[in-house]
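Both blocks below hold the same protein chain, though in two forms, and each is given as structure tokens: structure 1 and structure 2.
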Structure 1
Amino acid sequence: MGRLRLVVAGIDDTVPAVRRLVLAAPQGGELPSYTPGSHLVLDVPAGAGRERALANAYSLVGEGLHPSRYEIAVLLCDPHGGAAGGSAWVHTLRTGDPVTAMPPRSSFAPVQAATRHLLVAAGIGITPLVSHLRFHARWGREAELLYLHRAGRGALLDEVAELTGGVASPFHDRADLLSRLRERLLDQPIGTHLYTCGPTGFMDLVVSEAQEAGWPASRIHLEHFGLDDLDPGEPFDVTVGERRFEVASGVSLLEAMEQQGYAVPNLCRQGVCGECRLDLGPATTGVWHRDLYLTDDDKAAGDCAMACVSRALPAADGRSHLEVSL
């Protein structure tokens, strides 16, 4: 499916620095459905301080079953520290403005076989978990939410109250949430799954507490946003044609190839748009997929990688290696 042509159908700036955006088809009608926890990748044009076009992913917070509109909530911030990023652009949009986007994709769906769902959010990390709450409310699944946010800066609080029957646990102090989290991690039925989204340090803390409480990794799920959340990884080698060179720790395959003079199509540089997909050859030792674009089948095949975020898996008998076919 190609890119979607949408228009801004509604704007809500009630919460300081958080813009809620409603997007619809220009002529109305149904939009592609999506699973809970999905994100929408918006095309951000160059200009106003942006040297090139971007593609940014934002979690969908509305109803995913036969939707007539898409809703996102975007915090005014830029992951690279500037004022011209995707979120700044979203905050300049006006009702009626055209927007293009890739169809919704999911990498953070609730596990349907779970007996219960424990959701832990911080700040704008509430967005994918509201989508989860809609799913649980529709199908009568057991779910509990712990939500940390600054006083007066909580996003989507009306939806959270409605979807949880007003029993969600809001926190304004990390220590208070941590104390409650430790209790809840030890008081869940077998088969409960944990989902967390928020700043990297917050998610690391939640995962650490869950591991300390004996939770297996298979029942802990995280939603990452952008390169700042990714491990720098170990160095590995890459072969392109007759040339072999190193990709250092903290340097992406895309950056290393650009340094070597290769022109790799790219847009988002965050693993969400699919523009920098590369075919891999048989000398590849294995791929560490960290993107939000490839399907599970794509990743299992091991014959492609996203240059902006993928790395080589460690090799058992030597240096890890990717063979790129251009």
Structure 2
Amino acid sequence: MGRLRLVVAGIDDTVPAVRRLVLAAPQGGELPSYTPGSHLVLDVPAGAGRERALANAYSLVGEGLHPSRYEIAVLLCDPHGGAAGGSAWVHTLRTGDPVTAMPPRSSFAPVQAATRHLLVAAGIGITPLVSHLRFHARWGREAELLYLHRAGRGALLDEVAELTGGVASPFHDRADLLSRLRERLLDQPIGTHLYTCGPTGFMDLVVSEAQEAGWPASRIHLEHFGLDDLDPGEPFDVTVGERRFEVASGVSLLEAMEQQGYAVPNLCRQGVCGECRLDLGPATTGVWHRDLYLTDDDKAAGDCAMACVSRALPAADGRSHLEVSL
């Protein structure tokens, strides 16, 4: 699949730490369409403190049918706080700068058969839900939004107000949102689906509240772009054919293999897209999967792993080893 060549066509820094970026084709014209809840994966070059090139996923917030521009809203995450540096790079871009991206992809679309949609967002997690709201407004679907953000730091507030008719007043206090959420979870007609996006801890909370209210798994949908980093994990060693090397704590198998010169197909680098799946041989001691892609059956079989997030689990003798078959 080819990359899209885009240029920065607009920047809006009105909201502190949240940059709205408009991207367009260099000569203008139509861009590939995308479904509500889709994201764009931007190529972030190495340099300026970034050890290697990154591929960062950002939810698209505009109208997805035959668009002439892509619009994303990016929260600045502090590289000193452990962020990889992709959002910091977005915040350095200027109008006219070239950007390359993979065409939009979706793993968080509204359920067509649902009769009603309950959307729960925190912070920058509002971005995919704004495109959901656009879809529901266009097609006259019932939707209700609960949105938590820090006072003065709300992203996309104009769109939210317009698309919800002003009824979705944002929450600035987690406890307030939580008590409203509890109430609303108990009062949704059969046929409602729940969608949540925000920091992992927030989504965990929403899911556990929903389960507490008796919601079955089939009605709960999450956008998994975690803003939190995964546990760095323990070191382990890897064999690929005759070669053996170590993967240090805090380094992913994918990064280690790239350092060793292997070209592993990859895209999201977050355990979502499934591109970097590797087959594992019988010498593998155990797999700590951590991905959101493989099925439970795949994981139980233990013969494959996602290079970007999976690590070795130790055997009884304490050795941690993955045997990769390319």
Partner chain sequence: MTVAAHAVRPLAGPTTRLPWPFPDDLESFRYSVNVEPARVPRPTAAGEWGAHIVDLGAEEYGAMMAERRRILDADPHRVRILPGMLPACWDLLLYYLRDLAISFPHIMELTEDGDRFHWRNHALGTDQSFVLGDAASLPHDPMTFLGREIPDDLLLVKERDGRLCFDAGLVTFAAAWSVSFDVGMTMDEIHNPVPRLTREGITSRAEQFLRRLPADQVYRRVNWTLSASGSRKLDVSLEELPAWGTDIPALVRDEDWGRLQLRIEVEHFVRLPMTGAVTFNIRTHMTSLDEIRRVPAWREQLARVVLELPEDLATYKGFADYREPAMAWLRREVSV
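Under this definition, the rigid core comprises the largest set of C-alpha atoms superposing within 1.5 Å between the forms. Sequence positions of structure 1, starting at 1, serve as the residue numbers. Quick caveat, the model's predicted, so the values are computed rather than measured.
Mark the structure, either 1 or 2, that is the form predicted in complex with its partner chain. Only structure 2 fits here, because that chain is the form predicted in complex with its partner chain.
After superposing the rigid core, is the C-alpha displacement of residue 238 2 Å or more between structures 1 and 2? Where the cores coincide, residue 238 still shows a C-alpha shift between structures 1 and 2 that is 2 Å or more.
Post core alignment: residue 285 C-alpha displaced by 2 Å or more between structures 1 and 2: Indeed, residue 285 is displaced by 2 Å or more.
Taking the rigid core as the reference frame, tell me whether residue 309 has a CA displacement of 2 angstroms or more between structures 1 and 2. The answer is yes; the displacement is at least 2 Å.
So if we fit the rigid core, how much does the CA of residue 297 shift between structures 1 and 2, in Å? Residue 297 is displaced by 15.6 Å at its C-alpha.
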